[in-house]
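Only one chain comes next, encoded as structure tokens, the form predicted on its own.
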Amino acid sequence: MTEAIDLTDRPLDLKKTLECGQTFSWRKIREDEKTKYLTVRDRGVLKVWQEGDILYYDNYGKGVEPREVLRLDDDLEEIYGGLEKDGFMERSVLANHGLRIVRDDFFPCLVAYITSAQMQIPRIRRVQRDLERKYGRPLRFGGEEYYEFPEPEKLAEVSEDELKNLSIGYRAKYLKKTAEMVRDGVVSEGELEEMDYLEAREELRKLSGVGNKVADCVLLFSFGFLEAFPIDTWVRKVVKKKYPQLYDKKYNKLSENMREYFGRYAGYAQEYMFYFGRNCEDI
């Protein structure tokens, strides 16, 4: 049965949130003449769509809580108050009002960012769907078949050559090794949740193919470390142009400078910079 959430006091731009490039665990579908978004996790399927100030959703299976995975309890007005320190960020917030950081499951998020190097967003999404269909556990609801993202134990059994056949290329060796390490408890999701931000970032860097940027993406988009500030080419370009006094070639120093400037919501600043930088010619 379709349920609804009143968004009057919790602004949301569902399209920008799920299409801005932060998440690869959702896919866009067309159903009942509506554009909807679908995610499969926790032995269930969640479909969401927005009409004005109402978020509608259908839950199948055990149930996925939209308030949690879309971070609807984040107080955006408070966050904006901490971010709007300059004209550029004021424009970014105005242009992308309602864009929220998501909370994806750990392992799918980790895999997506390990395989994302030198890939365009559509290709990353395609790789995620291929991994699901080939190695994920199937679910059936309403006559439709869906696939969960494979567990690390499953991907650890897959050969590097098989992974390469999914257009993962040289990243296959990193993916396989990381799946083995997560399976073997070298890095534990539960332990990461108990660490502070810098400690968790160093812990994630133990994994194959995980550097500072991938670690920051996972900490921001899966664990909710909202101070994390991932730096890619787009963000570096924006910072260099708009915040030259904070710019540094070294990742750690630049990340530290931006965290000090924007504070505990630096991750939101980063996502607004990323989206604005990619979609607006005049930054």
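In this text, residue numbers run from 1 along the sequence as written. Everything quoted here is computed from the prediction, not taken from an experiment.
Although not depicted, the form predicted in complex with the DNA is the subject of the following passage.
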| item | value |
| --- | --- |
| Contact test, all of 11, 85 and 89, partner the DNA in the model of the complex, heavy atom 4.5 Å | no |
| Exercise: residue 49 in contact with the DNA in the model of the complex, heavy atom 4.5 Å | no |
| Contact label in the model of the complex: residue 233 to the DNA, heavy atom within 4.5 Å | yes |
| The DNA contact in the model of the complex: residue 18, any heavy atom under 4.5 Å | no |
| Partner contact for residue 170 in the model of the complex: the DNA, 4.5 angstroms, heavy atom | yes |
| Segment assignment from 66 to 74, 246 to 254, 49 to 57, 29 to 37: heavy atom within 4.5 Å of the DNA in the model of the complex | 246 to 254 |
| Contact residue in the model of the complex, chosen from 183, 140, 126, 137 - any heavy atom within 4.5 Å of the DNA | 126 |
| Contact residue in the model of the complex, chosen from 45, 214, 228, 258 - any heavy atom within 4.5 Å of the DNA | 214 |
| Residues of 193 to 209 having any heavy atom within 4.5 Å of the DNA in the model of the complex, listed in sequence order | 207, 208, 209 |
